[in-house]
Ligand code: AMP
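Read the single chain below, which is given as structure tokens and is the form predicted on its own.
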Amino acid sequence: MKNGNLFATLRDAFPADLKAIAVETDNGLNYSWQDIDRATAMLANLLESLNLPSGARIAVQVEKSVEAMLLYLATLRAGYVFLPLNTAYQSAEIDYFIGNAEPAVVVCSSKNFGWVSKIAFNAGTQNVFTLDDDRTGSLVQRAAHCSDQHTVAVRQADDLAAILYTSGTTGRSKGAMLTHGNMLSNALVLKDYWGWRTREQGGDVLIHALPIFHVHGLFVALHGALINGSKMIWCAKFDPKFVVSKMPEATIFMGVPTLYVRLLSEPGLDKHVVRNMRLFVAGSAPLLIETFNQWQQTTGHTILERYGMSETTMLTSNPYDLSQGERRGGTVGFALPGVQVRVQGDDGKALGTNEIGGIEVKGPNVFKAYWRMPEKSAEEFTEDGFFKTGDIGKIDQSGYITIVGRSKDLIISGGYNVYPAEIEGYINELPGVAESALVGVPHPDFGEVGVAVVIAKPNALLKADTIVAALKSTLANFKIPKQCFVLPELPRNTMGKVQKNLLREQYKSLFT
């Protein structure tokens, strides 16, 4: 019987020539496929030597490095559960995650060892290792003494492979439990849907410029390259000049919208430098239509937007193959093959074309449940097995899906529904506006009202009252923000998403 361990399938996809380069780093190092095979074997043997219980969690908060990627693969290889943690998390957050997940192993940067190890040991974790982005740390020192031969642990498709904590914009973060089968099904679908080229077709080369504590960089980008046996150009930190310099050697780039904005400011970006590129993918946050259009004009390429989340990996995508339809800016494309997506009203009934409601999804990519939250897990699934994403959107007559906002971002003002993404779209089209965010805050008369925070383009002079006046000539009165602020920047998390929870907190007392 075939081994359901995701690593077994990734390993089977390695090219026949194991001495070929698998990863080329931004500081001039090369790792062969054989290096990946041997290093993951040594790390897997180290983990197994610790006599960990079945299903043990390996919590990892380290800077991006090839060794951090190898640790992830070794965790899969040994049959344990990988728990990536955002490098921005501080002590109170780490205390919660370690207390909640009870990992058997914690791996952190040397500079954080003092406080992380204290939290881990207090929570009962037996093993704490260090790993730094310069190939040093107690983890690699210990693994160096282990055998480079290892038999991949046998796992079923339904066995747990990873726990990803959601960003927790409201309440405590929830640990989404993803199985080997969830991630493998998604990797195989995207390999086909995005037209990954085999070595016989010339092969693909991925510029990997994303963090690896998140679905986009850890699963979508990494699994995509590995399951196709494709070389990666590895960027420990995003450097637009370096990325542009490497584009002639590459064919695929995946990024969050802020990376595309920064690349567009790079003088070397033009149609010639991207001549060998075939695919640019954007996700993790909404891509402004202005960025979408500017990228098209500058490079001649149309960015492919897709939609996913920690609980589902990828669930929709604009088409790669243009015979299946155009790539439409402002939409996240169609439901992926094998994935069902629907829009439901508050009453749980299916909505028609272009009607706005809650997005629900079902498919082999959808997570098992939330870690140790049976009631929350039951709450988030419908009776017929669809997961309620918490996103609000609509599906047009051609099947294109558009995200309008998060359900928790919905503003109910005087009994009317106000969708922030709609208002932001109008504000972003105004002259001199770079970006905007609309949040709901308490109001004694209307229950809730919108407050707009607007960022100006360089050298543009924006006035809050002018913005509000422009909206009044365009939108219904209940949609008009009651206050508008022009600020130098918006608060963001490491994936570039605007942290609206912080804005809501900042302005919650404006009218009360």
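Note that the rigid core is defined as the largest set of C-alphas that superpose within 1.5 Å between two forms. Quick caveat, the model's predicted, so the values are computed rather than measured. One-based numbering along the sequence shown.
Quick note: we don't show the form predicted together with ligand AMP, though the next part is all about it.
### Message
Contact with ligand AMP in the predicted bound form for residue 362, defined as at least one heavy atom pair within 4.5 Å: yes or no?
### Response
Taking the distances in the predicted bound form, the answer for residue 362 is no, it never comes within 4.5 Å of ligand AMP.
### Query
According to a 4.5 angstroms non-hydrogen atom cut-off, is residue 247 in contact with ligand AMP in the predicted bound form?
No - in the predicted bound form, heavy atoms of residue 247 and ligand AMP never come within 4.5 Å of each other.
### Query
Taking the shortest heavy atom distance, is residue 253 within 4.5 Å of ligand AMP in the predicted bound form?
Close contact is absent here: in the predicted bound form, residue 253 is far from ligand AMP, nothing within 4.5 Å, heavy atoms only.
### Task
Give a yes/no on whether residue 98 approaches ligand AMP to within 4.5 Å in the predicted bound form, heavy atoms considered.
No - in the predicted bound form, heavy atoms of residue 98 and ligand AMP never come within 4.5 Å of each other.
### Position in contact with ligand AMP when the complex is considered in the predicted bound form, options 403, 227, 81, 269, heavy atoms within 4.5 Å
Flagged contact: 403.
### Message
Just to be sure I understand the contacts: of 332, 106, 336, 74, which is the one whose heavy atoms reach within 4.5 angstroms of ligand AMP in the predicted bound form?
### Response
The residue in contact is 332.
### Candidate stretches 183-191, 434-442, 279-287, 149-157, one within 4.5 Å of ligand AMP in the predicted bound form by heavy atom
Single hit among the candidates: 279-287.
### Task
Give a yes or no on whether every one of 306, 310 and 412 sits within 4.5 angstroms of ligand AMP in the predicted bound form by heavy atom.
Every listed residue reaches ligand AMP in the predicted bound form, so yes.
### Task
For residue 378, decide whether the Cα shift between this form and the one not shown is 2 Å or greater, given a superposition on the rigid core.
No, its C-alpha moves less than 2 Å.
### Query
Do you see a C-alpha shift of 2 Å or more at residue 204 between this form and the one not shown, with the core held fixed?
After core superposition, the displacement of the residue 204 C-alpha between this form and the one not shown stays below 2 Å, so no.
### Cα distance between residue 286 and residue 417, which in the predicted bound form differs by 3 Å or more from this form, closer or farther
Closer together, which means the C-alphas of residue 286 and residue 417 are at least 3 Å nearer in the predicted bound form.
### Query
With a C-alpha distance change of 3 Å or more, do residue 348 and residue 418 lie closer or farther in the predicted bound form?
Farther is correct, given that in the predicted bound form the C-alpha spacing of residue 348 to residue 418 is increased by at least 3 Å.
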